[in-house]
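First, one chain by itself in structure tokens, the form predicted on its own.
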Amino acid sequence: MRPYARLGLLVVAAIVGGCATALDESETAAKTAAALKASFRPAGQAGLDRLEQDETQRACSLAAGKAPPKDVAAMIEQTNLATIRYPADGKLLGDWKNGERIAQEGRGKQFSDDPKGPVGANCYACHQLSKGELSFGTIGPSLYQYGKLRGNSVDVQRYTFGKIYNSEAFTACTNMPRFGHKGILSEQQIKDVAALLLDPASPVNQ
């Protein structure tokens, strides 16, 4: 059975196991989705397909902001781990200077953005990365001195690349976008952001 199929069964089991309460929540979720579809119209590169949840998103929606059951969390992580595509050339780090530009860039993927224009990760919206940054978000943990604290081993590089590519593979129902899995960032961009976090010369590690 395919991973997403197994995850789908767990989601269904979670609904059935919760009896009336879960069913009521599922019905509410369906009505909410219908209202969203009725309220939005496609514009530019933003289509209605963005309102369609995959199994991971549905499972996390059912968790309603709480940690999902352990078996569901394990399946979410297993399913998403299988989607990570590591670079064929074996090189996991790029240019940290480009990574800094990507981390600072918030444009891309909105209906008003040029599809051919730059797409950024907008990392500073959720994380502290460098000592010199005056404004940063706190939704995610501080990444200041990320590489200095963890080292630069191949295992750390693989984890860092994978976490950026698909964060759900390591923490089920995280708020972090699945940058590679959802096609937000290219492989090279992910390498560059990973370098920003790990290169000793990066401002992150000063």
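Quantities reported herein were computed from a predicted structural model and do not represent experimental measurements. Throughout, we count residues from 1 along the sequence that is shown.
There is also a form predicted together with a small molecule; it is not shown, and the following applies to it.
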With the small molecule left out of view, which of 28, 39, 153, 175 would have a heavy atom within 4.5 Å of it in the predicted bound form? 175
Note: the small molecule not shown here; in the predicted bound form, the stretch from 64-72, 47-55, 28-36, 167-175 having heavy atoms within 4.5 Å of it is 167-175
Is the small molecule close enough to 126, 163 and 197 in the predicted bound form that each of the three has a heavy atom within 4.5 Å of it? yes
I'd like to check something about residue 159: if you look in the predicted bound form, is any of its heavy atoms closer than or equal to 4.5 Å to a heavy atom of the small molecule? yes
So in the predicted bound form, does any heavy atom of residue 139 sit within 4.5 Å of the small molecule? yes
I'd like to check something about residue 121: if you look in the predicted bound form, is any of its heavy atoms closer than or equal to 4.5 Å to a heavy atom of the small molecule? yes
Is residue 143 close to the small molecule in the predicted bound form, meaning a heavy atom pair under 4.5 Å apart or at it? yes
